[in-house]
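Here's a solo chain for you in structure tokens, the form predicted on its own.
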């Protein structure tokens, strides 16, 4: 007996839930958990179904394809642990949180490797018996540097690439290698304070909340589909340094929450938005 997750996206129409669940019943598959959502703006239907039973993927998906409207898509995803490669620069808090949660089982993921443009975080990574690759950007053109990183990342065949405070802007050529597979943590509540020194920007504006945003990376800087966000209250007593310190706790919590949702196949990309079921 296996467990798999069925992911379905379709133009909205009457009876979609009944059609999908009837085919599950036809194939003697038990529904463990089910969530669905209709985006009335785009008239798109999204459904995530956890199933248990004996699977014949080909015939099951063929039956679904016959039953659902044109322009629908369905896929069965096994319950196998997913693999990630993490990219870092010098800040340890997001990397450390992911390493620790993976170590104690709070995050069900295989960390295949960590890649950094400095060796600052090598000793931390190696404490968890995970390979660390330093690819210095010094004296290299951006494209040349990224090509070296891509070569290393692809050898691990990751399901996702996680930017745990990787502080370099990726080129479109890098992004297209991993479409909707790169997850970034941005140190502000997007779309506010895009770019450099967001906490200084926040301080200059006298904000009353600060936050962090985890999103998929696209060619548009800090404008990819948002996966998860969180904020905390602050006030006039906070300096820019205080804001940055408090923000680090938010950043690591938001990145881990977003990564967990992605690893559990709960995130649908819907244009430049996401649906998280």
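Positions refer to the first chain, counted from 1. Just so we're clear, the structure is a prediction, and the values are computed from it rather than from any experiment.
Unshown form predicted together with a further copy of the same chain; subsequent notes refer to it.
Undergrad: Would a further copy of the same chain in the predicted complex be within 4.5 angstroms of a non-hydrogen atom of every residue among 222, 231 and 238?
TA: Each of the three qualifies.
Undergrad: Since only the chain is shown here, I'm wondering whether residue 118 would be in contact with a further copy of the same chain in the predicted complex (any heavy atom pair within 4.5 Å).
TA: Because no heavy atom of residue 118 falls inside 4.5 Å of a further copy of the same chain in the predicted complex, the answer is no.
Undergrad: Would you classify residue 277 as touching a further copy of the same chain in the predicted complex, given a 4.5 Å non-hydrogen atom cut-off?
TA: Judged by the heavy-atom cut-off of 4.5 Å, residue 277 is in contact with a further copy of the same chain in the predicted complex.
Undergrad: Is it the case that residue 140, even though its partner is missing from this view, gets within 4.5 Å of a further copy of the same chain in the predicted complex, heavy atoms only?
TA: Flag for residue 140 set to no.
Undergrad: According to a 4.5 angstroms non-hydrogen atom cut-off, is residue 151 in contact with a further copy of the same chain in the predicted complex?
TA: No.
Undergrad: Go through 80, 157, 104, 144 and name the one with a heavy atom inside 4.5 Å of a further copy of the same chain in the predicted complex.
TA: Of the candidates 80, 157, 104, 144, 104 is the one lying within 4.5 Å of a further copy of the same chain in the predicted complex.
Undergrad: Under a 4.5 angstroms heavy atom criterion, identify the one residue in 135, 170, 76, 207 near a further copy of the same chain in the predicted complex.
TA: The option sitting close enough to the partner is 207.
Undergrad: Of the listed stretches (176-184, 81-89, 95-103, 159-167), which one has a non-hydrogen atom within 4.5 Å of a further copy of the same chain in the predicted complex?
TA: Only one stretch qualifies here: 95-103.
Undergrad: At 4.5 Å, heavy atom to heavy atom, what parts of 244-275 sit next to a further copy of the same chain in the predicted complex? List them in sequence order, or say none.
TA: 245, 249, 252, 272, 273, 274, 275, in sequence order.
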